[in-house]
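Encoded as structure tokens, the following chain is the form predicted alone, with no partner shown.
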Amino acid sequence: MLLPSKAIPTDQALLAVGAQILIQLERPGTVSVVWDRVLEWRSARGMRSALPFWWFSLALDVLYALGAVEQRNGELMRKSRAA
């Protein structure tokens, strides 16, 4: 699930979808806005494989568990790391 395999294409692996989400979080947004951005980004790059919302949610869970995203005032944003 996390990594591509015989059954999971590269663009659908949770870490790949998570990276796509992080790209879209250059600007904060609500979950639905980020969802729309990811779908547009994937479409613009010719990624035709389906990305159901529940899979997008799993990728968000992975990012949250890794401490890469946070939610403030109802918007998702990248979690900044202090050096």
Partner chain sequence: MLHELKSDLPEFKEADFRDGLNIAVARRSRTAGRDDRNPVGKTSFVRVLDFLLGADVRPGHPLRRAELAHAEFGLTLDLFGQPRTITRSAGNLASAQVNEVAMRLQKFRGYLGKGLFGLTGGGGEPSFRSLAAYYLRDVAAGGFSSPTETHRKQRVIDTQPMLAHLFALDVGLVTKVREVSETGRDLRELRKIAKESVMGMALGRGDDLDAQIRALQSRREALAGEMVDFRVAGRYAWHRERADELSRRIREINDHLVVTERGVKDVEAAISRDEDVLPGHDYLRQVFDELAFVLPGQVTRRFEEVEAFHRSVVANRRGYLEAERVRLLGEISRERAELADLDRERAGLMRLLAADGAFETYAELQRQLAVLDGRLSELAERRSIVERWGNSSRHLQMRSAELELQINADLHDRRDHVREVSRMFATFARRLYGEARPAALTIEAGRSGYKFTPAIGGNVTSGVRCMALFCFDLCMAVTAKRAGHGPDFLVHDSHVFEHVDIGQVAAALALAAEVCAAERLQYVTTLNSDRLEDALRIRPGLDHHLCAEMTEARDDGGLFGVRY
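Values in this document were obtained by computation on a predicted structure and should not be read as measured data. Residue numbers count along the first chain shown, from 1.
The form predicted in complex with the partner chain exists for this protein as well; it is not shown, and the discussion that follows is about that form.
Contact between L14 and the partner chain in the predicted bound form is found at the 4.5 Å heavy atom cutoff. Contact check for L66: a non-hydrogen atom falls within 4.5 Å of the partner chain in the predicted bound form. At a distance threshold of 4.5 angstroms between non-hydrogen atoms, T30 is in contact with the partner chain in the predicted bound form.
In the predicted bound form, S43 stays away from the partner chain, with no heavy atom inside 4.5 Å.
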